[in-house]
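For reference, the chain that follows is the form predicted on its own, supplied as structure tokens.
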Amino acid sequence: MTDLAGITSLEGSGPRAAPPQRAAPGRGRRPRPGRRPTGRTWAVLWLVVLVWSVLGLLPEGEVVNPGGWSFFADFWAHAARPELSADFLADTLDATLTTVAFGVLGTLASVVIGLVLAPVMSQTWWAPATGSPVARALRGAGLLLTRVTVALPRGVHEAVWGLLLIGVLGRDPLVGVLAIAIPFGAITAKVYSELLDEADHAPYEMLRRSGAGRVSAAAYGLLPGLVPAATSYAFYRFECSLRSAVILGMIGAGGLGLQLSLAFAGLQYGQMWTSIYALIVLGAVIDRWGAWLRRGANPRRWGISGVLGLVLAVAAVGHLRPDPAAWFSADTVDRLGRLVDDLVPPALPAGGLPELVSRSVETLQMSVLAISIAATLGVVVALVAARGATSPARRVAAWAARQLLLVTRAVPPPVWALLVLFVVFPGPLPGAIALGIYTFGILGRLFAEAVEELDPRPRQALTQLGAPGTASFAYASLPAALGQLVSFTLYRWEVTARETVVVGVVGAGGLGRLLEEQRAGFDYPAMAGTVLALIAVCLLVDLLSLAVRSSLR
């Protein structure tokens, strides 16, 4: 599993659709076409929901802030004048190393958590379905309990974990690592358990029949065949961890995110651009590393990368210099106890249930508008960015399009939100636009890779017959890639719903803004209620996404 299509299918929250059953000749009933929604039906429904979302997010007064254009232009003008003093460059290098250290150690911890929890989350562990009905019921209950237990940390965004952990550990470097490791560990455990269930079980069953225990049978019969896919997924998680490390920095954990937020607070645009350029370079290195690994699935490359990963992990510990004694001090235990007491039981926010429902609907509308912006722009730019252009002019345009995608996904969503807030009055609309810009960078890259993997001959045939490039893409490439593009879009919609909290904490609206207001007011019971509402919104999006994907198979 080295492609993201496999990842999207494994990270989905809902149960998988069962393979179609072939009816016996003459005995089964004919399928009844038209009972399941078609792609056209979903497209119409999506347009209706999009219009509803846009109307719901528009403010009652003016939308555009004319006075903010000068600040906006000033920011972009500083792109050619970044802060290059020796002291600030040294600070930027140190912040970059901190961000990388968070990403490396957070990924390593999440993989360890995934390896420990994956077996007990798998159907393989709770099989066989033999014995008494009571035993089968207990096994089913055990599987359900483990999956529900792990679903809770998976549903809470790493930024929320960061806010809670800062209250317990302060500015300890462990905050950045744990805030990544907890949710990503739960996600990794879910994916690894799916890998276990999908593996060839013949060696495992043979060992079990020979009297081996479940752990030994899994270790010798299943794990060796899963190493390539598990390693590939771990690297994908590393890419995600680095992006999350920047976001965690913006809420106070340290690293490039903290440097960015401090520079923005002081309107030091030159310093902001130095940090942004560091993020772009970091993103480009990771992109090239990932592309190098995926190209040809060479075991030697994975071995080199594994050794490099271990070196980075040791270097990360040396850079962060964590103090384990502080994690278990009496003060830390006391703050953790008080935090748990404050969070339980959850409470409604000021304004009660109507306020919570209103912010939840706002969050859902933000995710719909954001993914619509991202998918529309992503399709257009992927057409240009896909490799394979024949003329020099098109190769230059493709390179420029890929750099555009790199920049948009290298800059974290809160920074985009702060920039949009220059020219759009505060509210959920600028938050949705910011998320759309950021997600466009990720979706555009995925779309471009999907287009590159298509058979080019139909498109070339149309072009040779005189069809314009756009028409060739629309009639020859787009229909072939449409299923994969829809799959990517639905996957990112699920992620975007979680990330609305990130732009919300900088004042862009939705449940994230409510969460930040409650945190600033030390209203922890209401924070817990808001987090549960966010999980419910994400679950709704997951189920809708699953329904669309299932009906389009």
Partner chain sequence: MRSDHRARSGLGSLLVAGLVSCTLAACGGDDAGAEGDGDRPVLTISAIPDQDPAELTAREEALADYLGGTLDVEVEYVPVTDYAASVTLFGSGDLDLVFYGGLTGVQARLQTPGATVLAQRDIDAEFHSVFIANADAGIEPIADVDGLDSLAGTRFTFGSESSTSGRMMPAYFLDQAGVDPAGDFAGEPGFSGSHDKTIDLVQAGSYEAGVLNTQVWDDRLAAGTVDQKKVVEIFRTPSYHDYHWIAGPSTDDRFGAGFTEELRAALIALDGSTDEERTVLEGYGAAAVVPTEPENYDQVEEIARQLGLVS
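From a predicted model like this one, the values you see are computed outputs, not experimental measurements. Between two forms, the rigid core is the largest collection of C-alphas that superpose within 1.5 Å. Numbering follows the first chain given and starts at 1.
Omitted from view is the form predicted in complex with the partner chain, to which the following refers.
Asks: Tell me, out of 302, 425, 277, 399, which residue has a non-hydrogen atom within 4.5 angstroms of the partner chain in the model of the complex.
Replies: The residue in contact is 425.
Asks: Go through 142, 458, 322, 228 and name the one with a heavy atom inside 4.5 Å of the partner chain in the model of the complex.
Replies: By the 4.5 Å criterion, the partner-contacting residue is 322.
Asks: Since the chain is shown here on its own, which stretch among 476 to 484, 280 to 288, 447 to 455, 414 to 422 would lie within 4.5 Å of the partner chain in the model of the complex, judged by heavy atoms?
Replies: Among the listed stretches, the partner-contacting one is 414 to 422.
Asks: Spell it out for me: taking the partner chain in the model of the complex, does every residue among 409, 465 and 467 have a heavy atom no farther than 4.5 Å from it?
Replies: Not a single listed residue reaches the partner chain in the model of the complex, so no.
Asks: I'd like to know whether residue 82 contacts the partner chain in the model of the complex, with contact meaning heavy atoms within 4.5 angstroms.
Replies: No, residue 82 sits far enough from the partner chain in the model of the complex that none of its heavy atoms falls within 4.5 Å.
Asks: Residue 314 near the partner chain in the model of the complex, any heavy atom under 4.5 Å?
Replies: Contact with the partner chain, yes.
Asks: Counting only non-hydrogen atoms and a 4.5 angstroms cut-off, does residue 157 reach the partner chain in the model of the complex?
Replies: No, residue 157 stays farther than 4.5 Å from the partner chain in the model of the complex.
Asks: Determine whether any heavy atom of residue 65 comes within 4.5 Å of a heavy atom of the partner chain in the model of the complex, and answer yes or no.
Replies: Yes, residue 65 lies within 4.5 Å of the partner chain in the model of the complex.
Asks: In sequence order, which positions of 187 to 221 have a non-hydrogen atom within 4.5 Å of the partner chain in the model of the complex?
Replies: If the 4.5 Å heavy-atom criterion is applied to the partner chain in the model of the complex, 187 to 221 yields nothing.
Asks: Answer yes if the Cα of residue 48 shifts by 2 angstroms or more between this form and the one not shown on a rigid-core superposition, and no otherwise.
Replies: After core superposition, the displacement of the residue 48 C-alpha between this form and the one not shown stays below 2 Å, so no.
Asks: Relative to the superposed rigid core, does residue 334 relocate between this form and the one not shown - that is, does its Cα move 2 Å or more?
Replies: Shift at residue 334: 2 Å or more after core fit.
Asks: Relative to the superposed rigid core, does the CA atom of residue 58 travel 2 Å or more between this form and the one not shown?
Replies: No; that C-alpha moves by less than 2 Å between this form and the one not shown.
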